[in-house]
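Shown below, as structure tokens, is a lone chain in the form predicted alone; questions about how it binds or moves come after it.
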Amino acid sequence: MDNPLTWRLERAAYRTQHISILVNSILLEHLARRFARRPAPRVPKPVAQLVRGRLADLLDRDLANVEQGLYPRELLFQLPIATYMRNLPSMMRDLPRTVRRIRKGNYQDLPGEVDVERYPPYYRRNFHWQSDGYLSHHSARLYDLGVELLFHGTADIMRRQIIPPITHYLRDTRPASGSRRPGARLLDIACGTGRTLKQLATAHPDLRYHGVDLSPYYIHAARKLLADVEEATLLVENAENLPYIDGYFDIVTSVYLFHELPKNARRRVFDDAYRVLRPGGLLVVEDSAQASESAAILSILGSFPDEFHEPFYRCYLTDDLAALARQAGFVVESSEPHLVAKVVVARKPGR
């Protein structure tokens, strides 16, 4: 780093920020559970210690990635705290409605004005018991706040662990002149509100970004978030049948999609990702940890579908993403855990 003293101060500020978010998110979770009369799942002490160790490793990795130039230091402080604070009262007002939905098991409590027949059957539900599922502007506005509270301020940290393999790939494929490949295209499958694309564009502003998502409301939110990104095209499309020609993209990413898909849909998405990626192109997938690399914390992972409406999650835990990538034709380079997530890096064979 250019100024060691400045970097030490930034490291201290980063850890202070995270401790503050962690404490406040745990407090909010406790209050919400008391209101809903839903006790927290009991976690064995060895498992809790392991998760705390994984958290420390994740924070250390985040700082190390900046030190190594794999992404810019500004990402360490990119959480939109002011926006989240403005949205928090709306989330709290929504809590009674969510509690009633949970108690009734009403996972199809969706907006009446939405034509749900336009969407695959597996999508016609309110994942996580969140109001309106993925089918309203209200849901899109509160989603990122809810995910950060769920993961106690580490959701964006886990998301940006897809950036280092992309940085390495771009360095490795840089032409002899020193410039990156002109017009390199990146597709983010199930881009949601655009949080991952925003971090990617901050790290690599010279790429041409594309994103697809089934929710028009989340695409609307992503367009607002990415309004200052010069090359960003966002479409409402199904990841099982992508609207692109073969070999169109240099890089394909996906973050937190596959655990919400049925088994066959997961395979179709991998197959189409393979199709639209050029030979030699890079695939980077992040999602929930699985039994293959995180058997020691399965007691925590296994409680997730009991707490939230995640009907395909139990199957997902043993449906290894690296194996799915290989079945689709990819050559897997790595599969690494990051707290309660994992990142799989693969290449499409060929030049």
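Start at 1 with the first residue shown and count on from there. On a predicted model such as this, the values are computed, not experimentally measured, just so you know.
Note that the form predicted in complex with a small molecule isn't included here; everything after this is about it.
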Just one of 237-245, 222-230, 108-116, 85-93 has residues with a heavy atom within 4.5 Å of the small molecule in the model of the complex, so point it out.
237-245
Partner contact for G192 in the model of the complex: the small molecule, 4.5 angstroms, heavy atom
yes
Does the 4.5 Å heavy atom contact test between F249 and the small molecule in the model of the complex come out positive?
no
Is the gap between R160 and the small molecule in the model of the complex 4.5 Å or less for some heavy atom pair?
no
Quick one: does Y256 come within 4.5 Å of the small molecule in the model of the complex, counting heavy atoms only?
yes
Go through Y209, Y218, F270, Y71 and name the one with a heavy atom inside 4.5 Å of the small molecule in the model of the complex.
Y218
Residue (of Y169, Y143, W129, Y274) lying close to the small molecule in the model of the complex, criterion heavy atoms within 4.5 Å:
Y143
